[in-house]
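A lone chain, given as structure tokens: the form predicted on its own.
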Amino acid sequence: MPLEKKGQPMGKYKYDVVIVGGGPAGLSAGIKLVEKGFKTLLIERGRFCGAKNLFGGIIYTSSIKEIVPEFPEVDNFPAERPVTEEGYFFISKDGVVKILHTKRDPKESYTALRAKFDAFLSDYAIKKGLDIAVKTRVLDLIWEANKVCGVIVDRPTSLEDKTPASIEAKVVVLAEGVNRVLTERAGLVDRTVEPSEVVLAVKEVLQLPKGEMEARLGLGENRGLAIELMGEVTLGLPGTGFLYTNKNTLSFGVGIFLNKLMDLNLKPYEILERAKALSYLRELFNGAETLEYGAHLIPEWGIKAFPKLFGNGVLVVGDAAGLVNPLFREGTNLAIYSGLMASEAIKFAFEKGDFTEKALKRYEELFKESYIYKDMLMIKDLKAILLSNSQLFQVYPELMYQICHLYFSAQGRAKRDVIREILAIIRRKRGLLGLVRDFLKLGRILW
């Protein structure tokens, strides 16, 4: 379509739906809308969909098949490796305790790099009939009375008229990500994001000499690892590290609540370098070359600070809505499902011929019927617990390592003495009562 080159005039455009943002939420909504017969335009500010995304993590087959039914049997396969093992590494200054699970079905999930994955979804969407305008930024929303009825973009209207072009639409879907500027302008949220509501993640893509990644991690060909790291890797601060295997590289990074970084005046790259200097990671990354470095924000405001999901002529999906479940490592799949629910609500609005809140409220109804809403309710207190219980990140990884070190050592002494020493370490570091309290706090999240 004639919307490829930055600065090219937009002309006069009218669409049924305009989507702002070319991530999984926006693309899934776009794919479903064009399948339903609606003239739809997706606007992406990057050079291509995925160009501005740093994500290097897990994608789930079940959600992708909702928009690409033939996945994973597709050409130009967009993922890296099937996840055959996943789990947690609890890292102390002295070593690591590993909890690993071998996947029953390796095709259930894959490691992926968003630049490649989003580009695949974009190509798929274009073949389905979705119009995509890249290298285009939405400057503002168009209002008619109190209803959103389009967007204003940073393209000239024509060669003669240099004013920003307007694109009219019955419904605008905001898939703008964590920096929810347009969501605020739409009146769906009444305040800016607080530093305690986002995690700043810094990531590197590292390349080891050929064969070393598989040898050091004990991986066979076409087998992948997805690991969450806790403890000293974040300097004991609330947050986690992550380690994912790509085809020929490793994605490694740490994510820490932004307010903690600000309070301690810590720079993200310094934390990453300190983490890489820990004994286990230093050995793992020995001889590695850094191919890519970047940082991005992850929404962690939870259901208590959700924006209003719908308004007159407007819906919000994906990260902009805060649809991330950190406890169960879900994000991309939730974004896809939100796009699907948005498309269903828009279809309902067109059937009613009503694009006000009254009809678009169907999106919220679908959301509250979904498992996503139930899960977000379940973890509603997670952020507060993580931010107010530093021992989860400072004490327990070290405690686990010391206990395992004693338990798995043949020390030439009575095992009752070893058990007494383990109990003494627990009492000294946390106390039995403290241990019980911590488990009860975490248990209240799940039950």
Partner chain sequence: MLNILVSIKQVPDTTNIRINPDTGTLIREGVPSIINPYDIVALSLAYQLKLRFKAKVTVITMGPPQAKNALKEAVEFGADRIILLCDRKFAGADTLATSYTLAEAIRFLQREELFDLFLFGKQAIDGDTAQVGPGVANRLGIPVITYVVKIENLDPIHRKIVVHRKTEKGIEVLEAPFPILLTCEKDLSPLPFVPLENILKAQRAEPETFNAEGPLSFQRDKLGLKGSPTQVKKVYTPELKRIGKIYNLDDVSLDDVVSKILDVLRERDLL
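Fair warning: this is a prediction, and the values are worked out from it, not measured in the lab. Positions refer to the first chain, counted from 1.
Omitted from view is the form predicted in complex with the partner chain, to which the following refers.
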{"item": "Contact assignment for the partner chain in the predicted complex, among A359, M376, I132, A226, heavy atom within 4.5 Å", "value": "I132"}
{"item": "The unique member of T332, T136, S109, S343 whose heavy atoms fall within 4.5 Å of the partner chain in the predicted complex", "value": "T136"}
{"item": "4.5 angstroms heavy atom contact with the partner chain in the predicted complex for L291", "value": "yes"}
{"item": "Residue contact check: R155 to the partner chain in the predicted complex, 4.5 Å heavy atom", "value": "yes"}
{"item": "Contact flag, L159 vs the partner chain in the predicted complex, heavy atom cut 4.5 Å", "value": "yes"}
{"item": "Contact test in the predicted complex: V74 vs the partner chain, heavy atoms, 4.5 Å", "value": "no"}
{"item": "Contact segment among 40 to 48, 25 to 33, 411 to 419, 395 to 403, judged by heavy atoms lying within 4.5 Å of the partner chain in the predicted complex", "value": "40 to 48"}
{"item": "Heavy atom within 4.5 Å of the partner chain in the predicted complex - qualifying residues of 226 to 252", "value": "N248"}
